[in-house]
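Next come structure tokens for two forms of one protein chain, structure 1 first, structure 2 second.
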Structure 1
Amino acid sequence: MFLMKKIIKHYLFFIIAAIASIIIFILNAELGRRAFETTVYSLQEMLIVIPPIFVLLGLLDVWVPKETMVKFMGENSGIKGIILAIIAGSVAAGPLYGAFPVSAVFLKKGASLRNVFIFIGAWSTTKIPMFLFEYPGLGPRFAVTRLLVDIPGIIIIGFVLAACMKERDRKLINEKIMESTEK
């Protein structure tokens, strides 16, 4: 019974979303079918793209010592940390939600919050795979301009976001990170 409750609590968001899509299907079969198709498509995408990301983060977790992470991406890593964060975020393939578990390992190992926010920014927007679709699709002027605006943009957002995080917020993030990696 306790286990059942725990599972339901764990999967509550999924259960609600699934019930909602069933209701949509009952009300409008065409809309429901489209929702189902997209869901299947995204599920395939997740199953294909996500596994190597998690393998890499698992290996990162066991092999990279804390001191190394602190040195390269910690509070006092300076420009080096920023550049590394941008490169790490830009080369990976995968949807935005894949960036968060990786961020958790970075933070746990001692990367600064600022660099992790920059990493998320890079993952979301300066990704090289994306650029390769954007360049032919929307033209060089569009793609290059966006990249040139985005790089300073994600750095500034990283700095401002980190500055907004009070001691209490940082503590909360730490707790959440530990929960997600240790449990």
Structure 2
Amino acid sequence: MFLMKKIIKHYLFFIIAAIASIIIFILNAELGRRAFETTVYSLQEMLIVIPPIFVLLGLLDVWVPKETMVKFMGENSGIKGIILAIIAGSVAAGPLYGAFPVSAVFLKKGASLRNVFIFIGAWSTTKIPMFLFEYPGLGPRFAVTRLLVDIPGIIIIGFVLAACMKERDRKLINEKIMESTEK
């Protein structure tokens, strides 16, 4: 009985979503079919993106010593940590949900929250392929201006978010990171 409650609690959102999808399908078969197709498409995309990210995370976890990560992206890394976070986020491939497991490994290895926030911001807005698409499509003036606005904005947001974090929240994040990476 305890195991069943634990499973239901763990998968509650999925169970509710599945029930809602069945109800939608019963009420409107076409809408239900499109919702199912969208779900299948999203799962296929995740199955293509997530495995390579986890392989790279495993390599990062094994190959990069904690001392190196602290030196280059830790609390006292200064401008080099910020630049490295922006570069790492900008060259990363895949959708934004791929940034979160990478961020967890960065934090586990000693990167500062500020640099992780900057990394996530860069991943979401300064990707090189996006710039290469914008440059010919929207013009060099637009593409360069967007980068010149986004990069300082990302840095400011990283600093503000890190400054707003309470110590208990930082500890909770670190506990969750250690807990999730030990599994």
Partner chain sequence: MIFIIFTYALAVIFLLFSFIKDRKKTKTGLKKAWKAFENILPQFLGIIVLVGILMAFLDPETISGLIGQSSGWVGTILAGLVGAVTLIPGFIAFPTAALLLKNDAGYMQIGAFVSSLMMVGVATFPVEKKYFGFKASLLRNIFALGFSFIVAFVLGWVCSL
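Structure 1 provides the reference sequence; residues are numbered from 1 along it. Take the two forms, find the largest set of C-alpha atoms that superpose within 1.5 Å, and that set is the rigid core. Since the model is a prediction, treat every value here as computed from it, not as a measurement.
Note: the form predicted together with the partner chain is the first of the two, structure 1.
Once you line up the core between structures 1 and 2, the Cα of Lys9 ends up 2 Å or more from where it was. Annotation: Cα of Thr145 displaced by at least 2 Å between structures 1 and 2, core superposition.
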